[in-house]
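Take a look at this single chain, the form predicted alone, given in structure tokens.
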């Protein structure tokens, strides 16, 4: 089991990465637990990404029932969003694609 200090250190490392605009951790119901973004943006991303993750997990299972969704990456001109779902939590990282 990962300690709270290890989680905090991991979050700090991600947020310090070049181009990262924000990080959101939501629970399996889409409720934000931790965020580095403002409240409105956090709630908007949480609602949309939680639903997208549910659908993406379903697609992966339908394509191959022995597999699970490990990561989802979306990229537009303005943002790149990386979604890392776990059993109880979903981590969302929003970054600027030009900085990569």
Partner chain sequence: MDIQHVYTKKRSEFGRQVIFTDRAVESIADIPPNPDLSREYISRNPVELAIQNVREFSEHWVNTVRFETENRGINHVEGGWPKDINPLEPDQTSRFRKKTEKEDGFTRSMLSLGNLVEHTIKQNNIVDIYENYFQNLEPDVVEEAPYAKTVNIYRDPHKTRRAANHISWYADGARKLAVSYCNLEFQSGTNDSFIDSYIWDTENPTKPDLHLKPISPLVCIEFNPKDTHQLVGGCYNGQVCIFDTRKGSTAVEQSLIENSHRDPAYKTVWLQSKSGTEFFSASTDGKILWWDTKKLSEPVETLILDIEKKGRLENALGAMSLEYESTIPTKFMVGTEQGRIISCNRKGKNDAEKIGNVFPGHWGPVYALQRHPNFLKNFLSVGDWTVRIWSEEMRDDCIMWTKPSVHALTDGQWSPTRSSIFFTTKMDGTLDVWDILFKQNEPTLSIQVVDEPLHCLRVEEPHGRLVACGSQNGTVTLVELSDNLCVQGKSEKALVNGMFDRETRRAKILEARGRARRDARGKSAHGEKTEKATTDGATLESELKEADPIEKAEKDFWKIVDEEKRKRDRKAALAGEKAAAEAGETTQAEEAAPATAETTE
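Quick caveat: nothing in here was measured; it's all calculated off a predicted structure. Numbering follows the first chain given and starts at 1.
Omitted from view is the form predicted in complex with its partner chain, to which the following refers.
In the predicted complex, its partner chain sits within 4.5 Å of a heavy atom belonging to residue 18. For residue 58, no non-hydrogen atom is located within 4.5 Å of its partner chain in the predicted complex, even though that partner is not displayed. Taking the partner from elsewhere, residue 78 is found to have every heavy atom lying beyond 4.5 Å of its partner chain in the predicted complex.
Within this chain, residue 29 lines the site of its partner chain in the predicted complex, having a heavy atom no more than 4.5 Å away. Taking its partner chain as positioned in the predicted complex, the residues of 32-60 that bring a heavy atom within 4.5 Å of it are, in sequence order, 32, 33, 34, 39, 43.
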